[in-house]
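Just one chain follows, in the form predicted on its own, and it is written as structure tokens.
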């Protein structure tokens, strides 16, 4: 797939409260040395979370599924609105300029979807085209980017926004097991929006000093033999949804990273060494290390990926956009530079996109 769609700008938002890993452990009274080790060796310093309230004795009890869904809806609307406004401010646009809004979330179920709720809450044009991508996990931001890039080509000159909103603290289960400890040690709340527009004059911009990369191509990889290795499904014992991460995930993802990147670069005349900017999902320390090793990347290549994990944890579908925002703030991208966006998630799947400034 080749498009003339440009990434015009990005905006991010997080929830109001953040915690260090020791603070989260203390909040839940976790003393198990093995569980504490998982938290303290995660390469995460702080995460934005909305933890359950304390009772009269200072204890935070696990929330019921209904409470978690309510929390997801409230946080999704709050963070989503903040990220959307931030993104539009970045590109000098108004809410009334948005012609397509694609909302992504996997940490709660909303019907009607977040797109309809935000259009009502923010007063967007009631005729604004919209879509919702749910249940695709951490890689769903790139799934959405592919869909909306296609929409933009069919509607040249019209502004579209992909908005990833993940209230990960609404997907917590606290049961003292190592399974939930791994998940609870990793994820944070966050939202990210990116604005797109397909413009017939876009090709001219490649020779100018502008920071609006074009989306050139997408490539995907499903790993059927690991379809159950990452999942968020109903736990009958807990009577709630629960997220599961197989310990082998970093190695499974790493082993398939070359396959999908080579497919992305096929027929482009590009080699991996021609890619100046790598924006990899902040999936976790071991996942990042596996991708670095298998693609032959440097620590400098994944500096933003590592930085986002350190400062926010894994914010799921919007993680790669947090890294993209940091790259733009660096001001190092130059006309003609190529970049690869890479995410991974349930399925198990890997999504990639090739962009060019």
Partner chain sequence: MEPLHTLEIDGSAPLSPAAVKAVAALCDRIEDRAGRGLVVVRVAGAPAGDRPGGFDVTLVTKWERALRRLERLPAPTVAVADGVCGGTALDVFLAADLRVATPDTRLLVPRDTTATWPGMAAYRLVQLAGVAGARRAVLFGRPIEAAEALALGIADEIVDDPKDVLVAAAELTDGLSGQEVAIRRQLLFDAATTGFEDALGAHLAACDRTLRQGAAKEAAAS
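Values in this document were obtained by computation on a predicted structure and should not be read as measured data. Residue numbers count along the first chain shown, from 1.
Keep in mind that the form predicted together with its partner chain is missing from the display, and what follows is about it.
(request) Verify the contact flag for residue 294: yes if a non-hydrogen atom of it lies within 4.5 Å of a non-hydrogen atom of its partner chain in the predicted bound form, no if not. (result) Yes, contact at 4.5 Å.
(message) With the partner left out here, check for me: in the predicted bound form, does some heavy atom of residue 74 sit within 4.5 Å of its partner chain?
(response) Residue 74: no, not in contact with its partner chain in the predicted bound form.
(request) Could you confirm whether residue 155 comes within 4.5 Å of its partner chain in the predicted bound form, counting heavy atoms only? (result) Output for residue 155 is no: heavy atoms all beyond 4.5 Å of its partner chain.
(request) Verify the contact flag for residue 125: yes if a non-hydrogen atom of it lies within 4.5 Å of a non-hydrogen atom of its partner chain in the predicted bound form, no if not. (result) Judged by the heavy-atom cut-off of 4.5 Å, residue 125 is well away from its partner chain in the predicted bound form.
(request) Have a look at 227, 255, 178, 109 for me and say which one sits with a heavy atom within 4.5 Å of its partner chain in the predicted bound form. (result) It is 255.
(request) Please pick, from 248, 96, 268, 239, the one residue with any non-hydrogen atom lying within 4.5 angstroms of its partner chain in the predicted bound form. (result) After the contact test, the surviving option is 248.
(request) Using heavy atoms only and a 4.5 Å cut-off, decide whether all three of 30, 36 and 57 touch its partner chain in the predicted bound form. (result) No, the candidate spot makes no contact with its partner chain.
(request) Specify the contacting stretch among 48 to 56, 64 to 72, 323 to 331, 284 to 292, defined as having any heavy atom within 4.5 Å of its partner chain in the predicted bound form. (result) Selected stretch: 284 to 292.
(request) Would you mind checking 263 to 285 for residues with a heavy atom within 4.5 Å of its partner chain in the predicted bound form? (result) 271, 272, 273, 276, 285, in sequence order.
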